[in-house]
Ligand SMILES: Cc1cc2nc3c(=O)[nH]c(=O)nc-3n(C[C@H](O)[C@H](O)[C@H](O)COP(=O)(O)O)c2cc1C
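Read the single chain below, which is given as structure tokens and is the form predicted on its own.
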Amino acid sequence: MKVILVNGSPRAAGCTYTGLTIIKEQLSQNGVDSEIYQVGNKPVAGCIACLSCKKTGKCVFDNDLVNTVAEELRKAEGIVLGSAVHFASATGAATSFFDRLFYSVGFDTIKMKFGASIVSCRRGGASATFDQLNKYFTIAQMPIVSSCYWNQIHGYTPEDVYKDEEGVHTLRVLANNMAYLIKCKAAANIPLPEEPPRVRTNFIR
């Protein structure tokens, strides 16, 4: 059992990473393996709608970790998206990365895998960012794992994160819930539901 953790902050060891580390440690206590992937602090190309991924199964841009994370996600049971808050939304690099990741991975390969997101901020904008990140799961038929509060941590430095005791508690509960649901799904061993033929509404002649 494995969960993929993605740090969408440009800071490799900042507050978002600290939050993901808390989740990683708690997952480990539940017998679930995990790995943190860092988006990085270099520009990340956004999706250019070339549709190459529909033919090849991977993003045409292969100079970052999008294709690596996509392949690991196909094999994993769940994913946690993490981002710092920039202007009350996810970082630009995180948004570009996640757009390409979810578009190129193929929804059929991640259907009914578990998803969760965490956000870190100094003070405000957490709820808007949290809502943005969860949209990736709801369009891909991925059940969202919840906690006892919205998954946000506050602080200006990694040390500050641990001072947000309620935030730390929220992330630990999130990890416990993620592990529980993964184990429940494995124990049930029920085939995925069949989807009716896809219908698209396009106002084009």
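All values derive from a computational prediction rather than experimental measurement. Residues carry their position along the shown sequence, with the first being 1.
Not on display, but discussed next: the form predicted together with the named molecule.
Just one of I79, V85, A94, I118 comes within 4.5 Å of the named molecule in the model of the complex, counting any heavy atom, and that one is V85. Contact with the named molecule in the model of the complex, judged as any non-hydrogen atom within 4.5 angstroms, is confined among 94 to 102, 70 to 78, 107 to 115, 121 to 129 to 121 to 129. The closest non-hydrogen atom of K183 lies beyond 4.5 Å of the named molecule in the model of the complex. At least one heavy atom of Y156 is located within 4.5 Å of the named molecule in the model of the complex.
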